[in-house]
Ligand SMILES: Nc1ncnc2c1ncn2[C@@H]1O[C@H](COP(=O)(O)OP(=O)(O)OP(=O)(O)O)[C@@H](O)[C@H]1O
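The form predicted on its own is given below as one chain in structure tokens.
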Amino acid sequence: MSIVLPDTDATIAAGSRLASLLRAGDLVVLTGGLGAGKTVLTRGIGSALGVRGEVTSPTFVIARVHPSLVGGPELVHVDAYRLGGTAELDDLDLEAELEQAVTVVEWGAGLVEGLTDDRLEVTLTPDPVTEERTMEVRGIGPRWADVDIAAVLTTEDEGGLP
């Protein structure tokens, strides 16, 4: 499914909506160029999950763990941009956190698919002229087979999504 996000607020709102579907053990793989909104979307996910700490790009620390403040799953936010391959990914030991956390990996396509049979693949494509971006979401595996992602992401609310 695909939706257009007119601005940063709508991207955060989309992340919040996406978070309503997420539970411990879920893997979200974010794809998009620099400035596409991957961290902004993750900020919305973290806010809705009620995690501690500001969600910022983990580019230089590679991975950041945000514990839950509300008794839910923690958020593990990974930036795989600087990883040299699967060996460096293995060093992060994401498997240890995977079952108890929502794991969001920026730049993870081609690297993290082996962590689990189930994942959400989210691609963000910005318009080079405006703040708009297109978000495409695809559920992979049995976990997502019966989940109506489109219904959650396209319901109107005050968050600014269409």
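Since this is a predicted model, take the numbers as computed values, not measurements. Residues carry their position along the shown sequence, with the first being 1.
The next section is about a form of this same protein that is not shown, the form predicted in complex with the named molecule.
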Interface residue in the model of the complex among V29, A36, L49, V137, criterion: non-hydrogen atom within 4.5 angstroms of the named molecule: A36
Answer yes or no: in the model of the complex, does the named molecule come within 4.5 Å of a heavy atom in every one of P6, T11 and E131? yes
4.5 angstroms heavy atom contact with the named molecule in the model of the complex for E74: no
Might S68 be said to contact the named molecule in the model of the complex, defining contact as any heavy atom within 4.5 Å? no
Taking heavy atoms and a 4.5 Å cut-off, does V40 contact the named molecule in the model of the complex? yes
S57 within 4.5 Å of the named molecule in the model of the complex, heavy atoms: yes
Contacts with the named molecule in the model of the complex, stretch 100-129 (heavy atom within 4.5 Å): E106, W107
